[in-house]
Every structure is written in C-alpha cells, then in structure tokens.
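Next up: just one chain, as structure tokens, the form predicted on its own.
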C-alpha cells in the first residue's frame, strides 16, 4: 500500500508506526483530522493477515472517528490505533505500557481508548505511561466500560430507523438479528429484550452466542447465514465489511442498524446498493457514537446523567439525517458525511 497516497486521498494528517523490540509491540496510530480538537479513538488488538490490511483498517477507522465526533457535536478530531499480532500470546502489561509511551510522545494529538480485544484494565495499564487515555476504571478517575453507552446509542438509533422505515413507535414484537455477541452486542440484546423484541444472534465464538440464547431466549444461527434472515432489523455488531456486493443482494431486512465500524466494504457502491434495494441503513459512525460520547465526558468531568442524555440524542440525529437523505435524494451515508463536512468547514472558517 502507498501510505502517503492513501493519506492524501483520505485526508489524514499523520500516521505513526510504532515498534518496541522488548515487548514485540507492533502498532500503527493514525490521526485523521484535528480541526475540531485532539483526535480521540480506540485502539484495537488484532492479528491482521498483513500490514497492508492493518494500515487500511486504521486509516478507515480514524477517518470514521472524525465524522463520528463531528456529527455527535463533540470538540474532537478523529484518530485510531491498531496493535498487530496474536492478542492471546502478545498482550502483556509491559506491551500495553510500551504502547502508552508511544501515545505520550504525540503530546495529546491522539487520545486513546479501548476497542476490539482491549478492556478497561488494559486502558489502566496504558495509563501508567500517559495521561492521554480514556476508558480507565472508575476508581482510577475513568468512566469504565463504554460498551453499555455504545449499545444505548444503537438502541435509540434502531428506534429512529423503525419509526422512519416501518412507522412504528414501539419495538415490541419486532425481530432483530444481532451479528456479534461481544460487549456491545450483549448490552444491546438486553435493551431490546426488555422491550419485547425477538432476537436471533450469531458469533464466531459459539459460547458467546450460547450466553445470549440462555439469557434472552435468542435463536442462534450460523454467522454465514445471519445477513440473509427475514427479520425487521439486521444489526451488525462485530467487525466491519459485512455489507458488500455479496451480502447486500441477500439481505431481507428493511433496516440495517448496528454498532460495527466500517460496515460497508466499499463506500462508493455499497451505500447506494442498500438504498436502491429499499434498505434503510443507519451509518455506523452516527449510530455507534455512544462510546465516544461517554469517554469524551470523562475528559471534561464525568457526569453519567449528562452522558445518557447525550447518547439518547442519537435518535434525533438519525431521524434528521434520514429526512435529509430523502430531501436531497442521496444515501444516508452521503447525508451524514455532508453534515460532518459542514461542521468541519465551519470550524476551519472560524480559525482562518
């Protein structure tokens, strides 16, 4: 991959490659845009098939964080980090502290948080070497696990989509398929189950799906068949790229609304394909903003009631964007990015 060309194309400011021989840390930190403020985004630990795959992922994720914060009304830029390798073999306190030292060298241009295969305890280890970290344990001045707030935002996003597409103000009796039974998927399932929603779930780890079945009476289906179910809402809550030229033709749900980042495998074609099929898609960087809203409030003095109110506002934001997309005859992705671009342009004008 031509990194500088990709940075230019996607509008990135900085990409930092990190290596620590003592711990075998291999990490990439991408800072996309700091117009609105310091970049904030999680760090994920993943065993990528190649370095190019890792670079592609961190570039897309960090750009998504720029638009996520902008549309959510947060004074933050977009950043992300990926730690490469086998998490079970490599993740140690020493490696996490080494990562913290690299974050610290950026002087606050990037603030890290948890993401896939990273947890509150991991953030506390990173925090031993830098103050530019969020999502630490509450007894250490942090806000704890952000996944309940990510799930809360998705829940309210689903409410907005159901009202707009199906004309229903209640979720009771609807059928939702959740792809991914990790922390976000589990919390979302609990919120939906409490409203009388029928659940179908899948996960690459069978035990995770079984927990959902035991707790919420969910039906378990194979991962490879989950996108094609005849349900009211398909909710991708695992890794990205699940919406593609292969899966979209088989989707039967009228609504796709979930927490996974980078759900569209190809942004240039897949958003349009969903629209042409009559599927209402809630853009991932809008509906899953609950987590970053939560950790942002950690920076300014944490107030849980204030956080919940802000996260619940995702429902109104998506309602407005659905209407905007219809008015402008564009996809929901285009409407959301246009709003983000307008916010960024206004901020640049004030600085000029």
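Just so you know, these numbers come straight off a predicted model, no measurement behind them. Residue numbers count along the first chain shown, from 1.
This next part talks about the form predicted together with a small molecule, which is not shown.
For residue 208, a non-hydrogen atom is located within 4.5 Å of the small molecule in the predicted bound form, even though that partner is not displayed. For residue 135, no non-hydrogen atom is located within 4.5 Å of the small molecule in the predicted bound form, even though that partner is not displayed. The closest non-hydrogen atom of residue 181 lies within 4.5 Å of the small molecule in the predicted bound form. With a 4.5 Å cutoff on heavy atoms, residue 62 does not count as touching the small molecule in the predicted bound form; it lies far away. Only one of the listed residues (84, 116, 273, 109) places a non-hydrogen atom within 4.5 angstroms of the small molecule in the predicted bound form, and that residue is 116.
237 is the sole member of 158, 237, 212, 123 with a non-hydrogen atom within 4.5 Å of the small molecule in the predicted bound form.
Proximity to the small molecule in the predicted bound form, taken as heavy atoms within 4.5 Å, picks out 237-245 from the listed stretches 92-100, 237-245, 191-199, 163-171. The candidate spot formed by 68, 260 and 288 lies fully in contact with the small molecule in the predicted bound form, as each residue has a heavy atom within 4.5 Å of it.
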